[in-house]
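One chain follows as structure tokens, the form predicted alone.
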């Protein structure tokens, strides 16, 4: 029995639910939205109407945290997308809203007895993922955020367009915050197996321009339709499938960094226990400095949360 829960049934939550149901990934799905239970019920009914035309069946329920007790995966997708309307893509604009959501839902998640893997999609992703882990009391390995999994996909898309290859043939990682301080670690990036730095030099391509295009990708989508949904939902679902399949999938996500004492986007291995391990790849000195700076920005924000200052141990 593959049992999922989704807290927050807005654009991302609904798209995630649609993906789980139409692809037959979830056997049971719990939809929770304390602020709009009517919307959650409407999504349930709409998805149930579709099932007579699907090859699979998902049992869908609405509004009971107690149902999370035996859930395998819990997505947290709540937020206030309109906070970004005048923020030029700065995801910290949602911080005052999402930290209150955590304060509301964390005790309910804890009281439910949930023991599965929690995947955070809320913004600012890294800081809120850390806050959820601390307030729910779940093991660090059982709490992760989508983080730079999406940003890496955007980098792959931009690079694939530039070099006319399939984006799946672009490998490598975007590190750091799911936000403005993220960076493409070009030393890790390969195109059809070849180092991108060498290819870019041969073709006189400016990697800084590609990095900026990847960073601004989400804002380009938001500017056109008012939110993002398909790519982030796809990332969240893929992470969950890696957990259920014990796939030991190598991918970037927001995971806890022992080195920098915060959740931050970095390569990791995802399996049945969530984050099996963090992969420490050799970075250039400049890349490591960017990583340290980005992690530091996340940690500084985390320390402003109620009761969390003592949780974040400063590192040299």
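Residue numbers count along the first chain shown, from 1. The structure presented is a predicted model; accordingly, all values stated were derived computationally and were not measured.
Although it is not shown, the form predicted in complex with a further copy of the same chain is what the next lines describe.
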| property | result |
| --- | --- |
| Option touching a further copy of the same chain, based on a heavy atom within 4.5 Å in the model of the complex, out of 34, 27, 288, 64 | 27 |
| The single option of 144, 196, 102, 153 touching a further copy of the same chain in the model of the complex, heavy atom within 4.5 Å | 153 |
| Heavy atom of residue 112 within 4.5 Å of a further copy of the same chain in the model of the complex | no |
| a further copy of the same chain contact in the model of the complex: residue 309, any heavy atom under 4.5 Å | no |
| Proximity of residue 108 to a further copy of the same chain in the model of the complex, heavy atoms at 4.5 Å | no |
| Residue 203, heavy atom within 4.5 angstroms of a further copy of the same chain in the model of the complex | no |
| Options 119-127, 134-142, 176-184, 158-166; stretch whose heavy atom lies within 4.5 Å of a further copy of the same chain in the model of the complex | 158-166 |
| Members of 279-299 lying within 4.5 angstroms of a further copy of the same chain, judged by heavy atom, in the model of the complex | 279, 280, 281, 282 |
